[in-house]
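So this first bit is one chain, no partners, the form predicted on its own, shown in structure tokens.
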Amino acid sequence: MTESALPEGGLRRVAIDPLSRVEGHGKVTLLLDEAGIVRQARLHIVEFRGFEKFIQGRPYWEVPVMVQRLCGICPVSHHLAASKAFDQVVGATRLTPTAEKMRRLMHYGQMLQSHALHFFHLASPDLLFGFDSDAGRRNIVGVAAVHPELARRGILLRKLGQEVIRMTAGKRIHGTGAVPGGVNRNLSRADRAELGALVPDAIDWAGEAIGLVRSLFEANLPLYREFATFPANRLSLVRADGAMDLYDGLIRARSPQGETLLDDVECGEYWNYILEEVRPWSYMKFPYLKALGPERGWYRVGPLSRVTNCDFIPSPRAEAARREFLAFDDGRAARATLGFHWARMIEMLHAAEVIGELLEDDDLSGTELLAGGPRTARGVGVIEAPRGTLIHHYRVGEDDMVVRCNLIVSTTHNNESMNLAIREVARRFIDGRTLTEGLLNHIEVAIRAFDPCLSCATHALGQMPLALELLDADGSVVGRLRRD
């Protein structure tokens, strides 16, 4: 962390650089006046990836494997979104039952492992020890020392998800199981039995994780209710009957008051409803609903939007947990930014339930793996990734080479929401106060609630060397902090 004086108006610039316990690399800058009041707070994405350009000129069948290199934590999401897009290119308007269910199993394994990783490894240290607790214990090692059983269960929950991915995609990271038109493997009965033996414990532990988040809300209700909270539109996929569906569905958007803004929108028509704004201080774009414009049309995606946007969750224990969540504190938890963690655990339970149901389906062991039909030039694949709605859009030439690509990743949808969250936290906790590492960590807590993948790349785990110098209006150093 660094601070420096700026010439205009005597403002001081504080930089949290890099952000810790998130995936990818980014920074936050704050501009403070002489009284220490925050005048500006921004989240900057400082990496440039370029996937939309360098896959141009590649044969379309390579793309589902290439684009998952965007991320080491959620590669399955990109793998499946691209595969869904190229299903349309090869004319596979309807997959075989085996292909459909293998992909769903792969995807729900991804949801389970990603949610477990984020909550237990990245977010829980703040929630268990406090936002301004000793930085030396705010990590998974600190959690394991004080809550060893909790840490163990987090690891084993993630293990089930990773094993599901390994068996459906070929390996745990950057697999090759999905191909345009279907899949290239099935599951044997023995594989299904091996995975199925792990499911009952996973369901129970996910339920206990929901109870843990609830107890944290109950113990810290005023803080959790208001922390980084603001009204927001919400967007997600839902099934045709309004149920939560994390693999496929129609686009729905609602206002903070519950008014329907979009409903039953086909994914292949997303560009008629969603536009992207470019701002000079970030490599990440700012999507918004076309009908409302950039000022009012921004929205958020992810677990909190999905849980509150759907009419029901089609698995019994997760639906019961959803109802309790929506009723808690007269619905305020479901509107709170820290409610992302509670919603994330509900989805983790749902994923475990769905995995158990799918593993009992004999279609997973079927032999019809591919479908096809008349070729088309364009394909759009939309999926609910762990962090929110993910859009892959491709155009393919007659020579089978990709000529155009547009990706709107989950964290991009949340860009404006994350910026608003850090502004709310900065103004409440930093205005007029002496800067400390704990106070600045409040801003990171707000960002981590969204579980951002800042570059859709890999995340850094552990302590990062940071240095902070606080200067007064005339440039004199009044304090220093260092974290090695």
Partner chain sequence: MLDGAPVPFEPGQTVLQAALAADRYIPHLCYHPEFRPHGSCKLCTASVGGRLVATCTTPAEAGLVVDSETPQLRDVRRTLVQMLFAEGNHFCPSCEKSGNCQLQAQGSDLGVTTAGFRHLYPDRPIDASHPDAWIDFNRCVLCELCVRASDEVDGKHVFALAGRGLTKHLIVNAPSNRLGDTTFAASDEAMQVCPVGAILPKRVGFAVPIGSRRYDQRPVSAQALDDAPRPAGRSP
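Positions refer to the first chain, counted from 1. The structure displayed is predicted, hence computed values, not measured ones.
The same protein also has a form predicted in complex with its partner chain, omitted here; what follows describes it.
- Proximity to its partner chain in the model of the complex, taken as a non-hydrogen atom within 4.5 angstroms, holds for one residue of 220, 255, 365, 184, which is 184.
- The chain is drawn here without its partner chain; in the model of the complex, the stretch among 394-402, 208-216, 355-363, 192-200 whose residues come within 4.5 Å of it by any heavy atom is 394-402.
- In the model of the complex, its partner chain sits within 4.5 Å of a heavy atom of residue 66.
- In the model of the complex, its partner chain sits within 4.5 Å of a heavy atom belonging to residue 60.
- Of the heavy atoms in residue 179, some are within 4.5 Å of its partner chain in the model of the complex.
- Within 4.5 Å of any heavy atom of its partner chain in the model of the complex lies no heavy atom of residue 296.
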